[in-house]
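First, one chain by itself in structure tokens, the form predicted on its own.
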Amino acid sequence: MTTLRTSRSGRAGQYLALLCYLVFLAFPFLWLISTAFKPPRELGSLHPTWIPKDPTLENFRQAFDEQPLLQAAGNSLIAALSAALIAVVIATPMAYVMARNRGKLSTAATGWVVISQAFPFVLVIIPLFLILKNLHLINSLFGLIMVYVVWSLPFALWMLVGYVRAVPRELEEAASVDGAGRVRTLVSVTAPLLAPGIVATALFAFITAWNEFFFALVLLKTPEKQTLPVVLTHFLGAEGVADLGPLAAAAFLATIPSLVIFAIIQKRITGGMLAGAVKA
């Protein structure tokens, strides 16, 4: 009986901690939505409320009038989609080789993956800028896409290695015994089992590129090329005073693509994360 009570108490504590964590994560987003629909009079109120008393869409109209949000969103979409697809195409065969050949080279590559994630952006931006300048890729979406690919590749590789290791070798050996060649085995047996991990990896690479700000700020100069996170900073005045209503409306719209994609492929993301974390 004591053990059962202890188990229930522990489970209740876990649920309470999870609830607190969810509230912690949800609070900024809910407050962002509330701010986006508030008129200027309520935004300047000394007693703010969760639910707008007089909700309005004026902030959204003003946001689109003041800044080229659609063009910036298009630039972000092109950069994020391209970077995610290229990173996955490169990382998938590399991950397969690393997972199936556990030698010194694989260990060194894994160490490189871990170490590369520890470097802050500011340490690499100057040499990166000089390299892209020599290649005439400054103020170019293609140059930004290449930066995003290189930056997201280590994480994509680490995640896919774990997922490849979750695929039993026996399945490939059985297909080989049945007469399937190497390419046929990879396409018909291994690839379908890797699909959840590939989808999850592509999504995280997409979200990383979609939300990235620092590289886009430094590498893109003209307004026509700038991505959405950079354009959002234009709602700040010269003295750092934010145009709060339009800024909240634009920021809310910027979060919608990530939320929609997460909602659509949530099950695949969960499977990919669990397999990668357990087997890596």
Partner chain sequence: MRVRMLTAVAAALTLLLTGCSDGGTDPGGKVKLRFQSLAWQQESVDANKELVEEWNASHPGIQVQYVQGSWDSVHDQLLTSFEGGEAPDIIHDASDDLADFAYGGYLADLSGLLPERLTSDIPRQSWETATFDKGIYGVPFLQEPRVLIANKKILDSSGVRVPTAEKPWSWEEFRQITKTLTEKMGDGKYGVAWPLKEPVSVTLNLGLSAGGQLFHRGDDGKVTIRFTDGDGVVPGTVHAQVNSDKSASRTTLGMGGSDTLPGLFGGKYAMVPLGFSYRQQIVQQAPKGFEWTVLPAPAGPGGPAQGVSPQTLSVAEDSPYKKEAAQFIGFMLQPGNMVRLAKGDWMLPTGTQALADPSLHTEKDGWATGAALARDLRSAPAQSVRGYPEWKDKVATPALQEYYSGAIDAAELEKRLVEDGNLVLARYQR
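Positions refer to the first chain, counted from 1. Quick caveat: nothing in here was measured; it's all calculated off a predicted structure.
From this point on, the text means the form predicted in complex with the partner chain, which you will not see here.
K.L.:
Would you confirm whether the three residues 139, 225 and 233 all fall within 4.5 Å of the partner chain in the predicted complex, going by non-hydrogen atoms?
P.N.:
All three within 4.5 Å in the predicted complex.
K.L.:
Looking at 92-100, 166-174, 78-86, 188-196, which one sits within 4.5 Å of the partner chain in the predicted complex if you count heavy atoms only?
P.N.:
Of the stretches listed, the one contacting the partner is 78-86.
K.L.:
Note which of 150, 73, 207, 125 lies within 4.5 Å of the partner chain in the predicted complex, where distance is taken over heavy atoms; exactly one does.
P.N.:
Here the answer is residue option 125.
K.L.:
So, residue 45 and the partner chain: in the predicted complex, are they within 4.5 Å at any heavy atom pair?
P.N.:
Yes.
K.L.:
Look up in the predicted complex whether residue 40 has a non-hydrogen atom within 4.5 angstroms of the partner chain, and give yes or no.
P.N.:
Yes.
K.L.:
Can any non-hydrogen atom of residue 214 be found within 4.5 angstroms of the partner chain in the predicted complex?
P.N.:
Looking in the predicted complex, residue contacts with the partner chain include residue 214, since a heavy atom lies within 4.5 Å.
K.L.:
Taking heavy atoms and a 4.5 Å cut-off, does residue 184 contact the partner chain in the predicted complex?
P.N.:
Judged by the heavy-atom cut-off of 4.5 Å, residue 184 is well away from the partner chain in the predicted complex.
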